[in-house]
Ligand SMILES: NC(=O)c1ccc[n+]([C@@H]2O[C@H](COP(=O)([O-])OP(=O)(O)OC[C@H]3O[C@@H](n4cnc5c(N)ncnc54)[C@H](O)[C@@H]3O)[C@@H](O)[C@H]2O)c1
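Presented below, as structure tokens, is a lone chain in the form predicted on its own.
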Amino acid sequence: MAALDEMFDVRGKSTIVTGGASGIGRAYAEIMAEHGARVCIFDIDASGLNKTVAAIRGTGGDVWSQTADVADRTAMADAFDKVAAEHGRIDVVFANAGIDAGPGFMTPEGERNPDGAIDVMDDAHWDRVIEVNLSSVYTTIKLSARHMKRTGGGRIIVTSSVAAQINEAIVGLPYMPAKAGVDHLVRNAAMELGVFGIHVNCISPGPFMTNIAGGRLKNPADRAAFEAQSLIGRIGDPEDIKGLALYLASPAASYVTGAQFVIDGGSRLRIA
């Protein structure tokens, strides 16, 4: 049996993390850099990128960044090419970037929210959520596959959500169908790309304390609504996701593809 450090060895792995300036994406970048990977973070938030890169470098991590909107396919292709040129290859990609869809048709207090009603939803808002949360994942997988086929394989790890599997009244409508589409995309991509040595899996978090929706879960009412669903009485912290991320990127997950890993404190078990 391989030693534990060999099973989880990602040293030197060329890694991309989209949406890595904060939250769950930053946790992915931190754990990979901490274990010796060469990490490039993509994010639209240039200021956040600079802070995250400085923090990871401060602990000795090999990390750099590129400012990019994941919905801009030309910019994404250029960014991938730059990573491949800098690192010589691309081994691990975390397709993590996503945005909140705003409030749903119910408030956390159980009242109707007219601003979240489907008949008043702004079409541009729907389009942007689908573009970032679903279409950009297609772009990221596409570009990853293009590079990984050339070098004999790799790992693509997509951030989905438990919202793909449940109905949510206090979450904006576009979020659930976008994440449901992500789940199907992951499974189909895994079917297609396995023969090339490319593993495609997804992590499906429940509520986590991040900056999504402007840090919505810092609002006491919102936070209480999600904490009430958790079987362990709290929402997730980005630190909670690091072990799973490292596992999926490492040799320990060499026989895992097309899988969905829920990490939600048991919240789904309390949602009717």
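Bear in mind that the values here come from a model prediction, so they are computed numbers and not experimental data. Quick note: we count residues from 1 along the sequence shown, nothing fancier.
Beyond what is shown, the protein has a form predicted in complex with the named molecule; the following relates to that form.
- Under a 4.5 angstroms non-hydrogen atom cutoff, the named molecule in the predicted complex has T159 among its neighbouring residues.
- Contact check for R128: a heavy atom falls within 4.5 Å of the named molecule in the predicted complex.
- Proximity of V83 to the named molecule in the predicted complex: non-hydrogen atoms within 4.5 Å are absent; the residue sits far from the partner.
- When the named molecule is considered in the predicted complex, Y247 lies well away from it, no heavy atom lying within 4.5 Å.
- For a residue to qualify, one of its non-hydrogen atoms must sit within 4.5 Å of the named molecule in the predicted complex; all three of I44, N96 and F208 qualify.
- Picking from 109-117, 68-76, 186-194, 85-93 the stretch near the named molecule in the predicted complex, with a 4.5 Å limit on heavy atoms, gives 68-76.
- Along 12-44, these residues reach a heavy atom to within 4.5 Å of the named molecule in the predicted complex: G19, A21, S22, G23, I24, G25, D43, I44.
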